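Have a look below at one chain only, the form predicted on its own, in structure tokens format.
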Amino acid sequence: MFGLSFTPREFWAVIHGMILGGLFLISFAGGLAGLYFMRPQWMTTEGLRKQVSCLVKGTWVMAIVAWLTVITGTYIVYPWYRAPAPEGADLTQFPRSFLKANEAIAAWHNFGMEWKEHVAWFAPILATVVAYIVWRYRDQLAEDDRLRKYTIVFFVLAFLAAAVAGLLGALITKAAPVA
């Protein structure tokens, strides 16, 4: 039929961006809905118990996936990006050098990549905070509107950090692929 073959760089880029990033987005969507609808007036006691159980599992999955995404990006994909180009080499094979050598697109490295590699770490940290709050306070999230709202704020901030890092990563990869 048709054969797909990936280089190791392409394989890890897919794992990092598409698979782990996609799982992060799915778990975020489910977790946000779960937190938003966790209100005692909208649920039975049994429904709330099931909701809490799913939310605890889902937020921990999100936190773990966020950590895996950042770790694979930092320690597997990013070293290929920043590999120095030898004298006279084809710069298209060395993304960082390629971006920095062209003034028209140097901002992708100077701003985009520098910012991305730092802000991305906020996503797993904040996702872990959310998972801990959900695990620790469980049913109290339904009763305490303020606690639930603060948890949602941390959740959205985790998502925004990941979304900005993911968007910058996709745009940078478009300008200078690591594959």
Partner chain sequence: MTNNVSNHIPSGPAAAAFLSGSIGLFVIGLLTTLSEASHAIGNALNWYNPSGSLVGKTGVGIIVWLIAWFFLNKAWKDKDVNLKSMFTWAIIITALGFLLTFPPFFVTFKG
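Predicted model, so just to flag it, every value in this text is computed and none were measured. Positions refer to the first chain, counted from 1.
What follows is about the form predicted in complex with the partner chain, which we do not show.
- Interface residue among 64, 129, 56, 32, judged by heavy atoms within 4.5 Å of the partner chain in the model of the complex: 129.
- The contact residue chosen from 163, 157, 15, 23 relative to the partner chain in the model of the complex is 157, the criterion being a non-hydrogen atom within 4.5 angstroms.
- The partner chain in the model of the complex comes within 4.5 Å of no heavy atom belonging to residue 42.
- The partner chain in the model of the complex is not approached by residue 98, whose heavy atoms all lie more than 4.5 angstroms from it.
- Residue 79 belongs to the set of residues with a heavy atom inside 4.5 Å of the partner chain in the model of the complex.
- In the model of the complex, the partner chain sits beyond 4.5 Å of every heavy atom of residue 37.
- With contact defined as any non-hydrogen atom lying within 4.5 angstroms of the partner chain in the model of the complex, the contacting residues in 109-125 are 110, 111, 114, 115, 117, 118, 119, 121, 122, 125, given in sequence order.
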